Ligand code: AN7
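Read the single chain below, which is given as structure tokens and is the form predicted on its own.
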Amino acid sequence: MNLIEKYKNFLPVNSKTPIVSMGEGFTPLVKSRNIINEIGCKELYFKLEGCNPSGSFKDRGMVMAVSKALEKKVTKIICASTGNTSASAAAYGAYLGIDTSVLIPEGKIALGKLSQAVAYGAKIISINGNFDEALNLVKEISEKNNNIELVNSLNPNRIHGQKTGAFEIIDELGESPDEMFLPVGNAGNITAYWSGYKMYNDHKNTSLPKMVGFQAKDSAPIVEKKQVQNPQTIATAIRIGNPASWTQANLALEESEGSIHAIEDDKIIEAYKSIASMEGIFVEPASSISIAGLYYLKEQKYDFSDKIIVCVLTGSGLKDPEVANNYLEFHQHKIEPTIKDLTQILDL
């Protein structure tokens, strides 16, 4: 059973909606073995969204967006992207034979993500500007042309698809976590997860978690309560100065009695290393901000005792190979091809 079919009663699906799938969703919920000991919570889980077909959480929303685009018989899709949206849109466009165009801020997209969009055959358009300017352009062109569908998170079908992550977590745990930790860039994901938790609460009387979001220090418009004109961070996926779902994210934080915090880049990189070396999970920097948030709140004397926490890890570490090359120490031992040398290097 595919994602849309499983949760169709909670999605905007009708008899005319093509139900398509590339195997998105049903991502692992991995229980922490090591980081939990440093944080001191009751249970800690990582939702591995990098296991989606194009390597990020975007596929959950994209499959819903392209399904509804097909229902409308649209032949073109377009998006602005710092990387993951472009890769996802291009993948589904290739699979379904939909002409796909992506606008990217020149020089500000991770190589792994750009390579995906190129490989999938999308039309790549770079602008001499930032993500927010690219988003304004694709929004305007889609509003003027009925035959081109905007598939950014401004498209409500994207949010509908992404809320399935919350459904899966409850289905697996048997309850909602006490707290949900997420990266916040364009703010669609925190909006979607909260929507999903509320929907299950309405229909199944499940509990509601506290939503806890994290933005990079120099790309933290929601934390600072003002637009950031020139956002900067190593975590390219959340390098956004004017989130499209800002209002909805604030509502999620308010309704859940949650909070949002700014994390410095050096702490993001520390967490990037920790989640890999301590849990065997390789994620892109934007994903690791959820882990950095754990350590940040621990330093702030946050009470984690008796709490069940889920951290959403939004994308694979293979998305951003430059960061791995620049920030991970590479140790290589060279020996002669003898059993003596191998025994010595292994301390046997």
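All residue numbers are counted from 1 along the displayed sequence. What you see is a predicted model, and the numbers here were worked out from it, not measured in a lab.
One more form of this protein exists, namely the form predicted together with the named molecule; it is left out here, but the text below deals with it.
K.L.:
Of the residues Thr164, Asn189, Gln116, Thr233, which one places a heavy atom within 4.5 Å of the named molecule in the predicted bound form?
P.N.:
By the 4.5 Å heavy-atom cutoff, the listed residue in contact is Asn189.
K.L.:
Identify, from the list Ile169, Ile263, Ile238, Ile78, the residue with a heavy atom within 4.5 Å of the named molecule in the predicted bound form.
P.N.:
Looking at Ile169, Ile263, Ile238, Ile78 one by one, just Ile238 meets the 4.5 Å heavy-atom criterion.
K.L.:
Since the chain is shown here on its own, which stretch among 66-74, 39-47, 286-294, 24-32 would lie within 4.5 Å of the named molecule in the predicted bound form, judged by heavy atoms?
P.N.:
That would be 286-294.
K.L.:
If you check in the predicted bound form, is Val184 within 4.5 Å of the named molecule, heavy atoms only?
P.N.:
Val184: contacts the named molecule in the predicted bound form.
K.L.:
With a cut-off of 4.5 Å between heavy atoms, is Thr82 one of the residues that contacts the named molecule in the predicted bound form?
P.N.:
Close contact exists here: in the predicted bound form, Thr82 approaches the named molecule to within 4.5 Å, heavy atoms only.
K.L.:
Is Gly315 close to the named molecule in the predicted bound form, meaning a heavy atom pair under 4.5 Å apart or at it?
P.N.:
Flag for Gly315 set to yes.
K.L.:
Look up in the predicted bound form whether Phe131 has a non-hydrogen atom within 4.5 angstroms of the named molecule, and give yes or no.
P.N.:
Because a heavy atom of Phe131 falls inside 4.5 Å of the named molecule in the predicted bound form, the answer is yes.
K.L.:
May I ask you to list the residues of 46-70 that have any heavy atom within 4.5 angstroms of the named molecule in the predicted bound form, in sequence order?
P.N.:
Residues within 4.5 Å: Phe57, Lys58.
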